[in-house]
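Just one chain follows, in the form predicted alone, and it is written as structure tokens.
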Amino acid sequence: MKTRIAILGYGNLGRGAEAAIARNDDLELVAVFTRRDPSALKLRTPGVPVYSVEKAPELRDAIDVLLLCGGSATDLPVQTPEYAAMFNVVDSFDTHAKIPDHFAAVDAAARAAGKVGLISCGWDPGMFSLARVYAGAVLPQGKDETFWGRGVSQGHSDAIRRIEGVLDARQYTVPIPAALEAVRRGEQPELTARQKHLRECYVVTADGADKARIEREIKTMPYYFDEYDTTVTFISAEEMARDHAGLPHGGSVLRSGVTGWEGEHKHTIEFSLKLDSNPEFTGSVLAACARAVHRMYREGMTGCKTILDIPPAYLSPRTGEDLRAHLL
């Protein structure tokens, strides 16, 4: 039995999720919901209907899992609790500081509806979260560090695009090499956010926009830029299309720790990703998590979950016997 999946939001992440679903034989895309004119969307998957978001409640019985592919800044804090009251949902909410509040809101809605709501799955939060938990469990006496990039942050870019007068934006997160190498050597330095990463912003503005105000709003934006050294470069739409069309990303999670009676032996665990396409990779994580959510729902689970709550086998299309024989 295939898991019937719908996508809400057909931007970069929605298109990445569509491609991921097509690569999994046990998943099926059955609908796409949009706030735009449905007739303006051209899907790559043949025969899949596109509806206005207002149509979603009418189709709840035809959908096993709804993937919410909006932005973390303003979309998901509203959409995920709203749709968790009707569907099993999966989102990629990535504002780390606000995850506890988001979890509570989604949990209340999903439990009341008898649904499962999986939040904050992608690669960070998501796969990197698992790496941190596994490494910390193995090396309880140690220290975690996470470095992102160099790559385009979709969430940060989206946050810039919400500023009045901004037409387009790309934000690159850039690790500071000296900090990364010190952690790899097991030195366990005390690093602030500013000492670990730079943020590079490339922005296209409307004619006559107040660039000084826009730059100020970017650099002082809480949770996104205010704790980092940030550069803002204003460019033309042509330069954006020519130089910043791709959406690469990646990074590393590292834990350095010790073992032995006196802590005499040092160890470093590193998990890293290098991604050609951030949204396509994130969409692939969403698809795997949709499979897990459907399984959890069929077993009678309800409420909000994170990737930390999912048994690894639930993410895979392979049987338990196959996993034990070939991957264990």
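What we label the rigid core is the largest C-alpha set whose atoms superpose within 1.5 Å from one form to the other. Only a predicted model underlies this, so the values are computations on that prediction, with no experimental measurement involved. From 1 onward, residues are counted along the sequence shown.
FYI, the form predicted together with another copy of the chain isn't displayed, but the following is about it.
Can you work out whether another copy of the chain is within 4.5 angstroms of a heavy atom in all three of 78, 163 and 243 in the predicted complex?
Per the other structure, none of 78, 163 and 243 touch another copy of the chain.
Picking from 78-86, 92-100, 189-197, 219-227, which part of the chain touches another copy of the chain in the predicted complex when contact means heavy atoms within 4.5 Å?
Stretch 92-100 is the one.
Does residue 42 reach another copy of the chain in the predicted complex, with heavy atoms at most 4.5 Å apart?
No.
Quick check on residue 134: any heavy atom within 4.5 Å of another copy of the chain in the predicted complex?
Yes.
Find out whether any non-hydrogen atom of residue 28 is located within 4.5 angstroms of another copy of the chain in the predicted complex, and reply yes or no.
So residue 28 does not count as contacting another copy of the chain.
In the predicted complex, does residue 299 come within 4.5 Å of another copy of the chain, counting heavy atoms only?
Answer no; every heavy atom of residue 299 is more than 4.5 Å from another copy of the chain in the predicted complex.
Of 205, 154, 129, 173, the one that lies within 4.5 Å of another copy of the chain in the predicted complex (heavy atoms):
In short, 129.
Suppose contact means any heavy atom within 4.5 Å; which members of 267-303 contact another copy of the chain in the predicted complex?
Stretch hits, in order: 267, 268, 269, 270, 271, 272, 273, 274, 275, 276, 277, 280, 281, 284, 285, 288, 291.
Taking the rigid core as the reference frame, tell me whether residue 181 has a CA displacement of 2 angstroms or more between this form and the one not shown.
It does shift by 2 Å or more.
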